[in-house]
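This document starts with one chain, in the form predicted on its own, laid out as structure tokens.
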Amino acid sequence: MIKATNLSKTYGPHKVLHLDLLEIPKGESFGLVGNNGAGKTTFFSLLLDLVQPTTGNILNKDIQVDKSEAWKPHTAAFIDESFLIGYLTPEEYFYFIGELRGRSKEQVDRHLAQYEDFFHGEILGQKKYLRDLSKGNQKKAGIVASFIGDPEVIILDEPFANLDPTTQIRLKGIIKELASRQGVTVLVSSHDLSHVTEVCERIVVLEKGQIVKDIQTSPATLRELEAFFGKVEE
């Protein structure tokens, strides 16, 4: 589904990412972990063609992402609040995304109804612009918007940050349900090792832009990751 080959990104003298080969098959729930500066967000930015690679390329469903936009209809993401349109209300934003994804207002409304518990009465019907919502509520809106249109690939960068514990638990359930759908590939980065081991069947560890571990999740994975990061020097 996703294949990165000889992929690197350099800023001046600093190489922030270098992946010889990384393949993520269709339908996998994939976790990406690492300390600050490890290259997680850089990888997602390259995957979404937000920055250009220094070398190599990424294929998304056999489409080179920096050469064609044909991957966009089946791919969705929420990286941070820059993905939102601050002067819209959440409802206006959801309908806008729905229109881009070929969904009617009625279809979007049915989609949103599934996330009533996740929204916890704080998103819809509040008569607030997205820019006036808290960071956590902005994240809720952005995450749910990324699900509109039944994308085949969903990319979430630090989805648990700024969310209260109840919402984190609900989000873990949502991600697990998404990953259980046939053919949906979910990519998640997180600093929270317990969350990522709970929702991802495979975890890749980046250190200084390179893969240092590639783990199929098991009951021992959390202890393995904690031991690894306990030894890593910041």
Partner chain sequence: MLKRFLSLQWKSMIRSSSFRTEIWFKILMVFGALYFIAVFLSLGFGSYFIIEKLDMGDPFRVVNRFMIYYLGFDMVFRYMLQKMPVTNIKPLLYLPVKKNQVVRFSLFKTVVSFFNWSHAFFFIPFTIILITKDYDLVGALAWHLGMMGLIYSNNMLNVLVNNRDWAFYIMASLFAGAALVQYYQIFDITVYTQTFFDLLYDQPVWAAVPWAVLIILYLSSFYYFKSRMYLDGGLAVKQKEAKTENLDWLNRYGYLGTFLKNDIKLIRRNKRSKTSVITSFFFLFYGLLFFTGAVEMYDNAFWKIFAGIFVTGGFLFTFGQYVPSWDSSYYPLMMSQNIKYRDYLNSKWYLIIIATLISTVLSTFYIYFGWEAYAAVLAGAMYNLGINSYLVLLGGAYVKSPIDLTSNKKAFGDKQAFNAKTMLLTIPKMFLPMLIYWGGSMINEPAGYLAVAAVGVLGFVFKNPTFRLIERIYKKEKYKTLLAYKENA
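Residue numbers count along the first chain shown, from 1. Bear in mind that the values here come from a model prediction, so they are computed numbers and not experimental data.
The next section is about a form of this same protein that is not shown, the form predicted in complex with its partner chain.
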{"item": "Interface stretch in the predicted complex with its partner chain - options 26 to 34, 43 to 51, 165 to 173, 204 to 212, non-hydrogen atom within 4.5 Å", "value": "43 to 51"}
{"item": "Its partner chain in the predicted complex: contacted by all of Asp66, Thr89 and Lys128, heavy atom 4.5 Å", "value": "yes"}
{"item": "Distance check, Trp71 to its partner chain in the predicted complex, heavy atom within 4.5 Å", "value": "yes"}
{"item": "In the predicted complex, Glu116 touching its partner chain (heavy atom, 4.5 Å)", "value": "no"}
{"item": "Touches its partner chain in the predicted complex: Leu124 (any heavy atom, 4.5 Å)", "value": "no"}
{"item": "Contact of His111 with its partner chain in the predicted complex (heavy atom, 4.5 Å)", "value": "no"}
{"item": "In the predicted complex: members of 90 to 127 within 4.5 Å of its partner chain, any heavy atom", "value": "Glu92, Tyr93, Phe96, Ile97, Glu99, Leu100, Arg101, Lys105, Lys127"}
